[in-house]
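Let's start with one chain on its own, the form predicted alone, as structure tokens.
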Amino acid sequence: MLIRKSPSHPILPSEITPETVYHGRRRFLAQLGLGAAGLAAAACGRAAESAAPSGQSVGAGADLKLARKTEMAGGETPTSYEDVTHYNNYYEFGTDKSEPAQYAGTLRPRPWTVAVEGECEAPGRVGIDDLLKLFPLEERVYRHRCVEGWSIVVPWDGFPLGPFLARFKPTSKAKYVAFTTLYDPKQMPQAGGVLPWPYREGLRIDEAMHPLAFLSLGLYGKPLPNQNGAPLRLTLPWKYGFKSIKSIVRIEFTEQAPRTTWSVSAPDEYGFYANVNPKVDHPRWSQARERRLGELFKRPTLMFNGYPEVASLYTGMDLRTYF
């Protein structure tokens, strides 16, 4: 006899992804050759039950020592820890929002090394525990907007990207910064053929040096859970979330614009810049409004996600062409 149990965390109406977004993402992944099992989970479903704690990173129990905390989300209340850690895009651990928290326990965030190379005078490798000692850790409460139309507010813990990159002395040829995530089929058996691996992202160097660009090692005062990109991820609050690459293992200074995963896979849908812009719709859904997890009604999307201080980076650019 089948016994139905009520979920410990029932789905709220505000947490249900719009049907048009769900099916649109499914169609795109189907075109990439995702199998039937993956198609069933390809877009934006949310688990009705809490995932097992196996998704937590190694040593995640200890609180981080934060030198300061800065509110940079207009006074908005942070999204619940449960939603932030159980509603994730991390396709290496499954294509449904609930799957990364369930399956990311296979990721081993220790030991971990980040290689920094390319057009710089002082290339090198840095261990994750050494990273924790390089700069005072600070907490920044940022808005986070997904290209799929949902959003959250997160207290990220880490340090600015620019001063970290400057340690490696980029040369005058360094016009861009390329980032690569870990890809290990043994640690990521759910990855399948959804995207070309490893996941890659990139920025112009002036974007990377902007004070808002942030390297995150934690959230809510604790080390990053695996599903949120342990042990090190990028956080770019004025760009759509897919630019904030997770589980970084390599950073390279380049003279030419790097090829990035989504802009290569679907260049008509996912641009290199990916700045949050309510006036530029995704081909399959509007970007004018967004659904904040935990809220009943949609809200207007803000230009640059509410961070106008980055606008000077794009002076003279047609943001519809360079989307």
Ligand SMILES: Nc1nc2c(c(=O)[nH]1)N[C@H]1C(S)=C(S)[C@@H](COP(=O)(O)O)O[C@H]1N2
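So that there is no doubt, residue numbering starts at 1 and follows the sequence shown. What you see is a predicted model, and the numbers here were worked out from it, not measured in a lab.
Keep in mind that the form predicted together with this ligand is missing from the display, and what follows is about it.
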Given that the partner is absent here, does S216 sit within 4.5 Å of this ligand in the model of the complex, heavy atoms only? no
Within a 4.5 Å heavy atom cut-off, is V116 in contact with this ligand in the model of the complex? no
Would G241 show up as a contact with this ligand in the model of the complex if we use heavy atoms at 4.5 Å? yes
Contact label in the model of the complex: N89 to this ligand, heavy atom within 4.5 Å: yes
Identify which of L236, L161, L107, I245 has a heavy atom within 4.5 Å of this ligand in the model of the complex; exactly one of them does. I245
Would you kindly say which of F253, W156, Y103, F179 lies with a heavy atom within 4.5 Å of this ligand in the model of the complex? W156
Any idea which of 67-75, 144-152, 119-127, 161-169 reaches within 4.5 Å of this ligand in the model of the complex, heavy atoms considered? 144-152
In the model of the complex, which residues of 193-210 put a heavy atom within 4.5 Å of this ligand? Y199
